[in-house]
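In the form predicted alone, a lone chain appears below as structure tokens.
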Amino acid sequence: MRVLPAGSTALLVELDGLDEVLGLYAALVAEPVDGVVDVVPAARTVLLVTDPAVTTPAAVEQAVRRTTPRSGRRGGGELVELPVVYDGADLGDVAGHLGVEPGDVVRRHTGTEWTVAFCGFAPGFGYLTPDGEPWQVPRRDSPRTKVPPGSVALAGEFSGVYPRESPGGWQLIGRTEVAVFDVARDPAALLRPGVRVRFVDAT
């Protein structure tokens, strides 16, 4: 663990990898540190934003170093179900890479419970990790200049849903009509760290 200042009121905790991030994040959510107003996980870091009227970065660092990370990636967060039409342009390529039929990809994707590990890339874009057998799907050799909103995709060990039209290099396997990011909703992001996700075949 390496703890670095991030501005005058935040700390950035660097860790070895995603498992360590998720373990520390789960522990900090379950037992909040006094004066920490936001905990933001990423692939290898956890950002802690503090209230300077309540605590100091030094006190928070000491508390974090005393924290025992939780084991496992699964949490008890809210469960969201997303209906998906599995007609993505890359579904066949993903099946070929995995050595299975497209229907097998769909069954495995819907049979897996996913958890949002962290968010990034675009507002509302959650990086979802699987419960059980890991996925390893390569990104596209050539990214698309436009990916439609609601596209459900795979890349590396993650699945995700594009919240808006944007460039992207993930493998598209389907699409959902559910708005995963809506500024008129509270909270605006449907897929937040710790939220569990089940994809439902609506094809």
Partner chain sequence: MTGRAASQDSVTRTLTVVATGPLTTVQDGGRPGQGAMGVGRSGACDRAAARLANRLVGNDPDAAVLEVTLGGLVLRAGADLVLATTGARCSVAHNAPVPLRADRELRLGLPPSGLRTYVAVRGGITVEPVLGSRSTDLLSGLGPPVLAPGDVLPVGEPTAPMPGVDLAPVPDPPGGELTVRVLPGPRADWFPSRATAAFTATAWEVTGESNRIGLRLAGAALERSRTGELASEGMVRGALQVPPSGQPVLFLADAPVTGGYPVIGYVADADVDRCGQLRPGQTLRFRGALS
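Residue numbers count along the first chain shown, from 1. These numbers come from a predicted model, not from an experiment. Take the two forms, find the largest set of C-alpha atoms that superpose within 1.5 Å, and that set is the rigid core.
The discussion below concerns the form predicted together with the partner chain, not included here.
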Of P102, G77, G120, P130, the only residue with a heavy atom within 4.5 Å of the partner chain in the predicted complex is G120
Review point. Honest question, do L18, T112 and V147 all end up within 4.5 Å of the partner chain in the predicted complex by heavy atom distance?
Key: no
Any non-hydrogen atom of P41 within 4.5 angstroms of the partner chain in the predicted complex: yes
**Prompt:** Counting only non-hydrogen atoms and a 4.5 angstroms cut-off, does L4 reach the partner chain in the predicted complex?
**Reply:** yes
Exercise. Does the partner chain get within 4.5 angstroms of any non-hydrogen atom of G124 in the predicted complex?
Worked result: yes
query = Using 4.5 Å between non-hydrogen atoms, is R164 touching the partner chain in the predicted complex?
reply = yes
TL;DR on 170-178, 33-41, 147-155, 61-69: the one with heavy atoms within 4.5 Å of the partner chain in the predicted complex is 33-41
Looking in the predicted complex, the residues of 1-30 with a heavy atom no more than 4.5 Å from the partner chain, listed in order, are R2, L4, P5, A6, G7, S8, T9, A10, L12, E14, Y25
Comparing between this form and the one not shown on the rigid core, is the C-alpha shift at G17 2 Å or larger?
yes
Taking the rigid core as the superposition reference, indicate whether the CA of A26 shifts 2 angstroms or more between this form and the one not shown. yes
- Item | G168: Cα shift of 2 Å or greater between this form and the one not shown (core-aligned) | no
